[in-house]
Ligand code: DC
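We begin with a single chain expressed as structure tokens, specifically the form predicted alone.
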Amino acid sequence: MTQPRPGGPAMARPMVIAIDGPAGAGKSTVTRALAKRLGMLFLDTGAMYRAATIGVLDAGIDHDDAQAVAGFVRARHIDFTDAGDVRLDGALLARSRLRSPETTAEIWRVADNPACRSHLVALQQALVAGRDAVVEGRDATTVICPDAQLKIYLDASPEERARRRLSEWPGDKPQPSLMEVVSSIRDRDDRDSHREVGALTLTDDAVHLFTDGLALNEVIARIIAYAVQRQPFLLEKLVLDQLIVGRSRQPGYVRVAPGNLPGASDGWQLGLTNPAPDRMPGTTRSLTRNHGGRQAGTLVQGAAILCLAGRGPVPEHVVALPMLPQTWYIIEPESWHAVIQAHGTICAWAESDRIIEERFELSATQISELESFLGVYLPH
């Protein structure tokens, strides 16, 4: 049984991140990687439409008979394995066939059919009910999960989307020109935007995230940052081996953890920190880790971000948590971390009297990922 999140009933409901946007914007790639990073259910609604389309093609249904197509699709059960692979009536479907040009060319026969859409939406809503999930689909933010805590409209220019599609084009198929794919994408955008049911729509409460020029990790970092703005406790379960979080709901002292490792003296060194030149938004280029004891900090005033990157030999993906008032953050030994403070911020710190610090210079990729978090949390 999973433990409830801290924060009371207001924070108890499942975290649903719904990602919408035009064809070829990278929704499937982003949502799959995002769900894996967060340990959430990944629901690729577009893959369900593709699976239904494959079923129609294989069954020899008259493509122009909307009633026959609807009758066939409404009798199908489509779901996912734990690994995120699609099943049609229990049979696994190859990703290469789901994404094939033949399937893409015919998917509109299912997607534009109201009876097909109502059946598939019901299946999708049943899969998500009561669970943390990342949901991707053309109408994820408007129809499938209209009450999602975070809605992202993932977008890219038609030219960028065409380049991505051509990069995935099967080697044994004749490849169209870039402008032919751009024209096809624009035609599909127009059709999707004017569809009678499940039309492509940018809702007022969605974050419009334009991805031209952004690497995958940068896109994921920004979405995670937006998610944590809405659910501050979302990432704590991901860093249980790196962090102890102590909270007080009442004024007074809270004993959070001993400073040194078991068997050592329990001495603490106390102090306050202001933003250091190399620990502010836009200047952080390294992470550190402590050997020999714990370090504990709390936010006194301003805004600070605690970045954690695992306990391995070198830093891994960064997890960035905004430091909240009335909360102590106890960093475990060997955890790669950085505390980034906005101008005017003060944090109070206590650390073991036996700490030895090690520093690691970040790669350009890690810096861009970190900057993507901070661009949402602490814009500068």
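Here the structure is a predicted model, which is why all the values come from computation and not from measurement. In this text, residue numbers run from 1 along the sequence as written.
From this point on, the text means the form predicted together with the named molecule, which you will not see here.
- Judged against the named molecule in the model of the complex with a 4.5 angstroms heavy atom cut-off, the residues 26, 155 and 215 are out of contact without exception.
- In the model of the complex, the named molecule sits within 4.5 Å of a heavy atom of residue 46.
- At the 4.5 Å threshold, heavy atoms of residue 139 reach the named molecule in the model of the complex.
- When contacts are judged by a 4.5 Å heavy atom cut-off, residue 117 counts as touching the named molecule in the model of the complex.
- Among residues of the shown chain, residue 95 is not one whose heavy atoms approach the named molecule to within 4.5 Å in the model of the complex.
- Of the listed positions (225, 219, 148, 107), a single one reaches within 4.5 angstroms of the named molecule by any non-hydrogen atom in the model of the complex, namely 107.
- For the residues 230, 99, 87, 76, the 4.5 Å heavy atom test against the named molecule in the model of the complex is passed only by 99.
- Screening 188-196, 206-214, 155-163, 77-85 for residues having heavy atoms within 4.5 Å of the named molecule in the model of the complex returns a single hit, 188-196.
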